[in-house]
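Starting off, we have a lone chain in the form predicted alone, written out as structure tokens.
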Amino acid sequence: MTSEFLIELNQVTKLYGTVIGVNDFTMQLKPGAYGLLGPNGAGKSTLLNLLIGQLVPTRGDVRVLGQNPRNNMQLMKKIGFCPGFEGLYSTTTGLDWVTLLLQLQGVRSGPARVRAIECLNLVGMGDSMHRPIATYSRGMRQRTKLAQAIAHKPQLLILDEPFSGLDPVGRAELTDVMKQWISEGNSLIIASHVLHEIEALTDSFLLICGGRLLASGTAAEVNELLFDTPTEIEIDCAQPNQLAGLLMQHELACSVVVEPRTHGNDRVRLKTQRAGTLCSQLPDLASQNGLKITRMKSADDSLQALFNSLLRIHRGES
């Protein structure tokens, strides 16, 4: 069975007794790279395990590359999975472990060993592949898990917190490996609770909390949705007190704080629920009142701002 969609979930719910892992999850993703974002306990690992067939939904339907992933060996040959748990054989060398998993995929021993060496070199394990896994650091085990995930040249790579335990150099090196993977036309889903890890790879993301999908799309698309939601903004102005008074008078800010600065203009830090209106009215307001504004920016330009705002909306906070 073929499908234009990489992944299809239709009203999927997964219950662990009375605990909800995934709650009424519906989405369709075309081939590409996606970040799955959410705090610890948000349901990321549950969702990934549904995609690889390790879990069966309590309700709803899961399709990956047009097929049901449960007990589907042919589909698993098209999917590479880097789990969040360890699951490595401690007395086995990294090379033997990756080779064995390739043989389980049906690759003959000779070609499997050659491919294992190639992938372990790619992830920076060339000097350590002959050592027992028990002697590896956590970061080295993460590299080895990634090597086995890509070794059989899957069509879709699914990664669960792949940067956990890596130092900054290791994160940068594996990020380059994944960028190369994406550039070759392969699909990727990476789960993380660290936003900048996702931003380094893709701007297409899914934000989940409490097992529910809060938002999907690019950062720009979600920013547009949030343009009139609570936002924190910084403005550097030569007349900060006058600006603060005008913002409150015109009901463009919920709260305003003036922060004196040693160098340059003082800073006005404000919270607003009308970011769009503020941005459209501020130029005229400054011109009419002789205000000199030298800088204006969101207090947080990263996806962290989107993440926090969407969580507040999900919890019903203003």
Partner chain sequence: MNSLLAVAIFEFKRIMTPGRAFWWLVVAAFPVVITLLMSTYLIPERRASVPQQPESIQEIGMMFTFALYVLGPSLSCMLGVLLTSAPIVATELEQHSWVYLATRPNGLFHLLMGKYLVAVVWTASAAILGIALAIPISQIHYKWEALFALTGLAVLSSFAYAALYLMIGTLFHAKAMVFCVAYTAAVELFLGMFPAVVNRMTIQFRLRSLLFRWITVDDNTIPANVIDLIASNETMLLQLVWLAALTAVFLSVALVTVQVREFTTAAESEL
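The structure presented is a predicted model; accordingly, all values stated were derived computationally and were not measured. Numbering follows the first chain given and starts at 1.
Omitted here: the form predicted together with the partner chain. The next part is about that form.
Engineer: Would you say all of Met248, Gln273 and Arg295 touch the partner chain in the predicted complex, counting a heavy atom within 4.5 Å as a touch?
Structural biologist: Negative, none of the three is within 4.5 Å.
Engineer: Among the candidate stretches 119-127, 95-103, 163-171, 233-241, which one is within 4.5 Å of the partner chain in the predicted complex when only heavy atoms are counted?
Structural biologist: Among the listed stretches, the partner-contacting one is 95-103.
Engineer: Tell me, which of Val56, Cys279, Val258, Cys254 has a heavy atom within 4.5 angstroms of the partner chain in the predicted complex?
Structural biologist: Comparing distances to the partner chain in the predicted complex, the residue within 4.5 Å is Val56.
Engineer: Answer with yes or no whether Leu156 is in contact with the partner chain in the predicted complex, where contact means some heavy atom within 4.5 Å.
Structural biologist: No, no contact at 4.5 Å.
Engineer: I'd like to know if Pro83 sits close to the partner chain in the predicted complex, meaning any non-hydrogen atom pair within 4.5 angstroms.
Structural biologist: Looking in the predicted complex, residue contacts with the partner chain include Pro83, since a heavy atom lies within 4.5 Å.
Engineer: Answer yes if any heavy atom of His152 is within 4.5 Å of a heavy atom of the partner chain in the predicted complex; otherwise answer no.
Structural biologist: Close contact exists here: in the predicted complex, His152 approaches the partner chain to within 4.5 Å, heavy atoms only.
Engineer: Do Pro31 and the partner chain share at least one heavy atom pair within 4.5 Å in the predicted complex?
Structural biologist: Because no heavy atom of Pro31 falls inside 4.5 Å of the partner chain in the predicted complex, the answer is no.
Engineer: At a 4.5 angstroms cut-off on non-hydrogen atoms, which residues of 32-57 are near the partner chain in the predicted complex? List them in order.
Structural biologist: Counting only heavy atoms within 4.5 Å of the partner chain in the predicted complex, the contacting residues of 32-57 are Gly41, Ala42, Gly43, Lys44, Ser45, Thr46, Asn49, Ile52, Gln54, Leu55, Val56.
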